[in-house]
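Next up: a single chain in structure tokens, the form predicted alone.
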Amino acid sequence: MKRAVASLLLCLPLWTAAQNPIIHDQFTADPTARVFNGRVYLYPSHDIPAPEGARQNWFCMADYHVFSSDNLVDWTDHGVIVTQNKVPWVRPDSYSMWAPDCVCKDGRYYFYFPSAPREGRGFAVGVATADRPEGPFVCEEKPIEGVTGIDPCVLIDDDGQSYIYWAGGPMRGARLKGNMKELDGEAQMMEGLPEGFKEGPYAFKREGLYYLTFPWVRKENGTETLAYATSRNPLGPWTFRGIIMAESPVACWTNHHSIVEFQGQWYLFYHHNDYSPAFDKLRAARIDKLRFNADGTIREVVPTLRGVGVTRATDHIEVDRYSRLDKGCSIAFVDTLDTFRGWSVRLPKKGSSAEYDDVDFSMIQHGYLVARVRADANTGFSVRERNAKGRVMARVKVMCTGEGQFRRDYRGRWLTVTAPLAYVPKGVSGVCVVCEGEAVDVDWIQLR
């Protein structure tokens, strides 16, 4: 039996299914999502720690990656598509590759991005083109004339006419020519928006109504909300409608987003400084569901750690990305020196629990539960279906792995333990991890 369990552990995958944040190995801010060919493609900016010689304690981005998924859970990194020192018009080593966008017209993909130009001050917006959504992209020699600002967004209307929007001063918009690389007429200010700082426009159309959504600071010394306005005209004037997402509860100054419909459900992509709580210029992309009222207004989205999508039970179920958590429970980084390793959840006393929704149990084969845990005393926990009163799937014993109080920043003292499965739900259900004794830290659980 011990040999069988050891062999099983060697076969476990080293990757995890996506919860919020959705990308686990790098910072991904300003996430623009688009649906191409039945997949969601994500075009974020790429925060990095500022290298020596660059401005410290500020946003620092040198390139763009593109990611894709067919289920919003498993994301493929297609690699770098544009990098600052290979764009003819971008000032070398300016680290100013801010929020981008990408659209498809007539089978051609157009990637729009801002950066600091070689000549002059401020920002310009350029275009790169490709035959596939993941590239390779070829950059234009010059930026778009007449667009001086940041955060470009392009809307292609039902009649094929394209519009570009941007920020950096008053929010502006303009028609694009058929080549998607030049303005067709003068830019105009977006009228009807609320007072206060605004950036990051994202425009879309739904049931004949145009939506202009944007990060907005609604009070002095505040952080950004996500807000929106609507119009019957793609360039306004706009009627302000309200808030999509409130300010960050931990004072992450920025939020930046996109809104997309995929397989009949609308989603809000946004960012937060999950992997860098002490420095909000290193951000990570998230997803939550977005819903409309019957009159077309948007219901406010409350950010979650669970995110979206169905997690396979045979993947790591990160219960710290909970759907519901008992009062008194807490989450903390597994390794404060490498935050991309994620978090664990602490269940502090007998009866404490964490619930995790939408788990697919259809692929269980071997009848074992595997968990990565830590405890300061001999203890245990149970894994139940849906909630703390649900049917017991497994009971896990945990031996003491530490000394004295929990040391949340200690690298090590984690054990991988196994237990037989007494019960496996059918299809998609939820799991609940319940402390059955002294306090225990749970990094992840997995069914095999």
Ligand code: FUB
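Every value quoted in this text rests on a predicted model; they were computed, and no experiment measured them. One rule holds for the numbers: they count along the sequence shown, beginning at 1.
Another form exists, predicted in complex with the named molecule; not displayed. Remarks below refer to it.
A heavy atom within 4.5 Å of the named molecule in the model of the complex is found for exactly one of Ile150, Leu282, Val127, Val154: Ile150. Contact check for Phe67: no non-hydrogen atom falls within 4.5 Å of the named molecule in the model of the complex. Looking at His256, you'd find a heavy atom of it within 4.5 angstroms of the named molecule in the model of the complex. Phe59 belongs to the set of residues with a heavy atom inside 4.5 Å of the named molecule in the model of the complex. Although the partner is absent here, Arg321 sits far enough away that none of its heavy atoms falls within 4.5 Å of the named molecule in the model of the complex.
Contact annotation for the candidate site: Ser45, Ala99 and Glu199 all lie close to the named molecule in the model of the complex (heavy atom within 4.5 Å). Of the stretches 71 to 79, 101 to 109, 247 to 255, 293 to 301, only 247 to 255 has residues with a heavy atom within 4.5 Å of the named molecule in the model of the complex. Looking at 426 to 448, no residue comes within 4.5 Å of the named molecule in the model of the complex, counting any heavy atom.
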